Each structure stands twice: as C-alpha cells, then as structure tokens.
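One protein chain, two forms: both are listed below as structure tokens, the first as structure 1 and the second as structure 2.
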Structure 1
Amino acid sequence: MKKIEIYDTTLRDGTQGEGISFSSLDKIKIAQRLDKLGVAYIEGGWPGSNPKDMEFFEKIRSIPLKKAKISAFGSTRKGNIKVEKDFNIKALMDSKALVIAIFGKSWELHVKDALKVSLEENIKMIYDSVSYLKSKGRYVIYDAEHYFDGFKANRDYALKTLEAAKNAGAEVLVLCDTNGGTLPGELAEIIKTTKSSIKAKYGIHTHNDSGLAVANSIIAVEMGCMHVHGTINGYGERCGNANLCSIMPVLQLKLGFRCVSDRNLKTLTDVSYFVNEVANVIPPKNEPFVGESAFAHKGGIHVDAVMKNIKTYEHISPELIGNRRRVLISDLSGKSNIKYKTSEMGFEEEFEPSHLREIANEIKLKEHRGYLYEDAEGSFELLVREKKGEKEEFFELDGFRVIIEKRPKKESYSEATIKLKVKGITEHTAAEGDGPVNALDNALRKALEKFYPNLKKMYLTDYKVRVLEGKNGTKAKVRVLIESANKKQTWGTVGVSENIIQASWEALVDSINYHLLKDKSTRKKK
C-alpha cells in the first residue's frame, strides 16, 4: 500500500477564502486537530506577511506534535537582490520552521507582467532561494505556481523552472494548477511529460475554479504524485482549494493508498465540523463524504432498498469516515422510511403495516399543509406516539395573550401572559421578552419550571421562519422550525400557520414536550 503525503494548507491558503479568518489561537487548535488526524505537513502561514502568522510560528514551537511537521510558506527572493538580503527569505528563517514551502513562477506571463524581471533572472531567483534555504538545513518543498498554464504557454521554460528548483536541492516539486482551469485530460498529459523529462518526487496543488480540484488531485496521484496539497472543507481563494475531506477517502477507500490510519480516517467528519465551527461557517449539508446529507435517504423506494442492502444507494459505509446514515421523513416517505425511523427511535414493538401506512399518509397530508419533518424529528416522534396512543399531556393550555407596544423613538416592547393547568393546578404567569415569541417562550417556561425543574437544562439553539406562500403577502402561511438542545441531544420541531405567533407556539410546545418526554426524572414523577 503506497503512502501519500498529505500537505494541509487550511491555515494558509484556506484563510484566503472569502469570510475565512483564524486567530493565532484558532490556528493552534486546528493544527493540533490536524496532527491527531495524521496529516504529514501543516502549512502554518506566510511569516512576515502579518503579525498573526508570526505569532503562530512562535507559539507552535512549544506545542509537541505527534505526526505532522509545521511548514512555513513564502516566495522566492525578489529580482536583482541577494537572497540573504531578501525580507521574505529572512522571515522564513525567523519562523524557525524546519520545512519551507517556497513558490516560484512557472509561467512567463507572470515573470514578465507580474515580477517585471527577465526569464533568466526568474530562473536564478528560484535556484538561489532554494539553495540558500537548503544550506540552512531546511527541508524545501518547491511550489511551481501556475505550472500547468505555464507549460501550455511555453513548455521548455516551465520545465527549466522545475529543473532549477531540483538542481538547487528541493525535495518535492509541487505542480500547481493555481488558476484552477486545467482539465483532467490535459493535466494527466502534462504530468506524464513532466515526469519523463525531469526525474523527481512530485506533488500536486489544485484549485477548484472549474469544479475539478478533487478530480485533478486524484488523477495526479494516479500519475505518480505522492504528495498532495489541499484544505479541510475545500477552503481557499475564489472557488477554493482541493478538498481533503473528499481526496483522502477516495484515495484510501477506493484506490488503496494510505493517507492516514483507518482509525484516524473515522474522525474525518468530526474534523470537518470542528474546522467549520472554528471558522464560524455553516457546513453545506450536501458535502461529499462528511456532509449531513451525504448518506441521507428520502425517497421511499431508496429507503426500502437500503434496508435490504446498503450498497444499493451508498457507495461506502458512512462509519468509515465517521459519518452516519440518515432516513428522512417527508411527503416522499413510504412505509420503509417510517419503519426505519421508528426502529431508530427505539420503539420496541414493530408497527403493523396498516399503522405504518397511516403514519405515512398523515405525514404526506401535513407536509401538503406546509409542515416539514426532515429537520423536525422531535415533532415526528411526538406524532408517531400520538398515533400509537402514547401521547403524554404535560400541561393543558387555557389561553395566552401576547402584547406588542411601540412608541415613537422607543424600542418596541413585548409581553406575554399565559394560563395553563399542570397536574390539575392552574398557573397564571407573565413575562417580557425580546420580541413576542421570546416573551411567549419565557412565560411558558416560567409557568412550567416549578413543576418540571429539569426544563432549565433545555435551551433553544436556532429559530427559523420560512414564508410558504409569498404571493399572499402579509397573509402568507409561515413555517417555523426550532432547534433545541440539552446536554444529551439536539432535536428539531415544526409549526405552521398564517399567524407567526401560532406557528411558533406549535414548535415551542413540541420542543418542550419532547424534552419532558425524554427526561427520566419527569417520567418517574408521572
């Protein structure tokens, strides 16, 4: 089994993506998590470009890493100055990183129009920079920037730039599709010609501007590049870099290469979510391999087939990369969806086919009215229990009133009063809030917490409103989705109405009922 060197550049190239920013502490946390994953190299940043990156290199030196080597990134010396006088080269040395990734120009267009130096001077810049870093005991990875564009424009010159880096002592020659415009077929041909012309250890660095970064990286490995650059979740400038969360499982599970241990690969989904969380990015549900929807089944025919043999609609087992199989409930659901979900929820007795059909028909009817159960599994379980005759009444509403008052030049004011019965006892309370829904939530909790103290352990984590029939204007029906959590789990609930307060009330009541239903202390007292 051939070993692939994974070179992670999330902390450098990834931060060039729009909306991505890490503090030096964030970068330390991510580096430690990447080390646990088992990547070979972690590119920490560009020393000298900003104080934050330099702070990272200072701090990471005191943190022991088990596997990964920290790499510093920078450019070749500037034109027509001595390498030891170059500020960028000095900053690379000051980082004290033992691995240096240095990039140089492969495309004559960049040499002439961006660097404004001669083609011969560019060759010297590459050679001088690499040889100087090697003389200082550094392990040098040479990034041939714009290599594929440069090769297509002037093959001989692009090859000369690589030869200069190799002759200067670079351990790895990384071929970069910097603009992300190279197609898989031409990429393979260029790598083939390059390898036959210059014998060296090769790497690949691709961007996703044509949606081909992962595919091109895979092809490069099949062509013999054993060193692969990428970022977690595909972060990067413009359309992003090659996504390691797709590259690693493809190489390891489908092509038989070794990127990390099998055990570590099972943490890949967690790593993906961790980096998204630190970056404050909402992860796309349909992300291959690690996305929440990557192994989610919705159509009844699909679910029926998966229950018989998971290979029918899953290309790998989700557990191999730390993900999980999900069956969604919707108006497309059949008996198989309901059977799978009720079993997953722990119902000991199987439902009769007629009961499964009845629940499926109820779901279809309610979704036709605007309900959505894909993200409201709490409401779904309550519906199932009601159909099964296991509905539990934790309180009985007598009524509520919500007041919103707005005066000129003052913030709006919201107050809710509620009257309900719990275990035969009438409770009448009022509460203020930041808006009518928050006031209603506060009043409901205030009335119930003396009877159910563990309700204090439950909290709302998300609140979404979707207008379903916009053409009806302010009379439009709305769907409210609420996400709630306690220390053990997270669940969603849904409410639908032309009145946003009523829709919110339905979702709020379901969220509380679900929590109380699952709370063991509540169940013991009943």
Structure 2
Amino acid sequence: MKKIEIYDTTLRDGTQGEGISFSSLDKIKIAQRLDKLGVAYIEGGWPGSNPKDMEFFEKIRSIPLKKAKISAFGSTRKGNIKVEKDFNIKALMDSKALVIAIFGKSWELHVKDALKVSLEENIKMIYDSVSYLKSKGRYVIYDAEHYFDGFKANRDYALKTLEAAKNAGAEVLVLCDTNGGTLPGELAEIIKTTKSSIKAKYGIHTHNDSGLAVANSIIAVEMGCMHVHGTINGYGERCGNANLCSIMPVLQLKLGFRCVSDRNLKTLTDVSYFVNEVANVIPPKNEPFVGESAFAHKGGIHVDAVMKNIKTYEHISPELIGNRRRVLISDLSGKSNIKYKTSEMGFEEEFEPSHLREIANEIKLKEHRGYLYEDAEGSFELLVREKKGEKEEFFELDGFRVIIEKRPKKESYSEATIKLKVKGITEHTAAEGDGPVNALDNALRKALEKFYPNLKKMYLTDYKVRVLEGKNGTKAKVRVLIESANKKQTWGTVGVSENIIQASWEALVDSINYHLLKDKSTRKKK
C-alpha cells in the first residue's frame, strides 16, 4: 500500500477564501484536530504576512503533536537583496518552524509583471532562498507557483526554476496549478514530461476554478506525485483549493493508497464539520463524502431500492468516512419514504396506505408554504401523530406580547409577557432576554417549568433563520429552524411566518411539545 503525504493548508491558503477567517486560537484548535486525523503536514500560516500568523507559530511550539509536522509558508527573497537581509525569510526563521514551504515563480509573466525582475534574477532568488533555509537545517518544500501555466508559456524556463530549487536542496518539488485553469489531460502530460526531465520527489497543489481540483490531484497521484496539498472542505481563494475531504476518500477507499489510518478516516465527516463550525461556515449539503446530503435519498424509487440493497444507490458505505444514510421527506417522497421514517420513529404498527398518502399530501402543502421537514424531524413526528389523532395539548395559549425598546446610547432591551393555561390553571408571567426571541423563550419556559419541571433538562442547541423571499425586503417570509437537545437525543423543529417572532414561536412550541411527548412516554414505559 503506497503512502501519500497529506499536506494540509487550511490554515494558510484556506483563509484566502471569501468569508474565512481564523483567530490564532482557532488555528491551534484546528491544527490539533488535523494532527488527530493524521495528516503529515500542517501549514500554519505565512509569518511574514501578518502578526496573527506569527502568534500561531509561537503558541503551537508548546503544544505536543502526535504525528503532524508544522510548516511555515513564505516567498523567495525579494529581487536584488541579500537573502539573510530579506524580511520574509527572516520571518520564516523567526517562526522556528522546522519545515518551510517556500514558493517561487515558474511563469515568466509573473516574473516580469508582478515581481518586475529579470528571469535570471528570479532563478537566483529561488536558489538563494532554498539553499539558505537548507543551510539553517530546515526541511524545504518548494512550491512552484503557476507551474502549469509557466510550463505552457515557456517550458524550458519553468523547468529551470524547478532545477534551481532541486539543486539548492529542496526535498519536495510541488507543482502548483495556482489559477486552477489546467485540464486533466494537459496536467498529466506536463507532469510526465517534467518527471522525465528532472528526477525528484514531486507534490501537487491544485485550485478549483474549473471544478477540476479533485480530479487533477488524483490524476497527479496516479502519475506519481505522492505529496498532496489541499484544504479541509476545499476552502481557498476564489473557488477554493483541492478538497481533502474528497481526495482522501478517493485515494484511500478507491485507489488503495494510504493517507491516514482507516480508523482515522472514519472521523473525516467530523473533521469537516468541526472546521466548518470554527470557520462559521454553513457548508453546502451536497459536498461529496462528508456532506449532509451525500448519502441522502429523496426519490421514491431510490428509497425503495436502497431498502432492498444499499449498494443500488450508494457508491461506498457512508460509515467508512463517518457519514450516515438519510431518507428525506419531501413532495417527491413516495410512500416508501414515509414508511421508512415512521418505522425509524418507532411506530410499531403499520400505517394504512390512506394514512401514508394523507401525510405525504400534508407535507407537500406545508413545504409549498415554506416549511422544510428534512431538518425538522421533531415537527415531522408531531405532524404524523396529529394525523394519527394522537395530538396532545400540553398547554393552551391565551396570548403573548414582546416589546423591544431602544433609547439613545443604551443597549436595546427586550421583554416578553405570556399568558397560558395548563390543565385549567392560568399562568401569567414575564421575562427579559437577549433579543425578543430569547425573551419569549425565557417567558415560555418560566410559565411551563412549574408544571413540567423536566423542561429544565432540555435546551436549545441551534437557532437558524432563513429569509424565504428576499425580494420583499423586511416584509419577507422567514423560516426558523431550531435544534434542541436533552441528554438522550437532539431534534429539529420548524416554523414559518412573515413575522420572525411568530415563526420562532412555532418552532419553540414544537420543540417543547416534542420534549414533553418523549418525556411522558418514557415515564409511561416505566
């Protein structure tokens, strides 16, 4: 089994992506998680470019890592300056990282237009920088920026830049498709010619501007590049870097290479989720391998087939990368979907076909009005029980009022009052909160906890707002999704209205009703 060196650059190239920003503490957390995953290298940042990155290198030195080596990134020395006087090279040394990834220009266009130095000087800059770092005992990875574009523009010059890095002692030559415009066919050809011209250890670094970063990385590995750059979730400038969450499963599960242990690969979905959480990114659900929808079956015919044999519509088993199979409820759902879900909910008795149809119709109607049950299984179960005539009313609302006040130079203030009845007893109460929804949440709990003390065991874990029809400005309809949890489980609930308070209220009430329902049935069973 051939080993692949995974070189993660989420913390450096990844942060060039729109909307991606990490504090140095975030970076530490991610580095520890990547080390646990078992990648070979973690590129921590560009110490010459900003103080936050330098802070990371200082902090990470005191943190023991199991396997991963920390790498610092920087450019070759500037033109016509002594290497030991160069600010950026100094910063690389100051980072005290033992592995240095240094990038140089392979494309004459960049040498002339961006660096504005002569072609010969650029070769010297590469040679000087690599050999200086080598003389200081560093392990040097050479990133040949724009290698493929450079090769197409002037093959001999591109090769000369690589040769300079190699002769200066670089351990790995990384061929970079920096602008992401190279196609698989030409990429394979260029790698072949390059490898036959210069014997060295090669790496690959691709970008996704043509939607081909994963394919290009895999083809490069098949051509013999055993050192692979990429980022978790494909973060990166413009369309992102090559996505390690796709590359690693393809290489390891489909081509028999070894990136990390099989056991660690089973945490890949978690790693993806963790990094998205830290970056505060809501990932597209349809991400290959690690996305929420990656093994989600919606079409009735697919669900029917998967219930017979999972291999019919799944290319690998989701468990191998720690993901899970899901069956979706939507207006495309056949009765198979509803049947799968209701049995998942533990309804032992079979539903009548007419019941299943009625539920499917209700779902269709509600989704048309903006509800979404895919993420709101709590609300879905309440709806199913209502259709079965099993709805339980835990309280009766007499009314609520929420007030938000703002005075100059003061924080805005939110207060909610609520009046409700439980088993004929009226409760009228008020609460403040951080914002109107929180105030309403607090008031509702305050009113109900008297009757249902177990409500204290339940808490909200996520609150999402989605504006459904942006075109109407502040009049737009909104969908609120709430995720709640107790010690035993988590569940989602949904509310829709043009009034965000009303939508939040619906989702809140469903969430509480679901908890009370489960709590009650638990007690019954005892």
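Residue positions are counted from 1 along structure 1's sequence. Just so we're on the same page, rigid core means the largest C-alpha set that superposes within 1.5 Å between forms. What you see is a predicted model; the values in this text were computed from it and never measured.
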query	finding
Form predicted on its own - structure 1 or 2	1
Rigid core fit then Phe22 CA moved by 2 Å or more between structures 1 and 2	no
Core-aligned C-alpha movement of Gln252 between structures 1 and 2 reaching 2 Å	no
Exceeds or equals 2 Å, Cα of Tyr127 between structures 1 and 2, core fit	no
Shift in Å of the Gln489 Cα between structures 1 and 2 [rigid core superposition]	2.9
After superposing on the core, C-alpha shift for Gly435 between structures 1 and 2 in angstrom	9.2
Once the two forms are fitted on their core, CA shift of Lys366 between structures 1 and 2 in Å	6.0
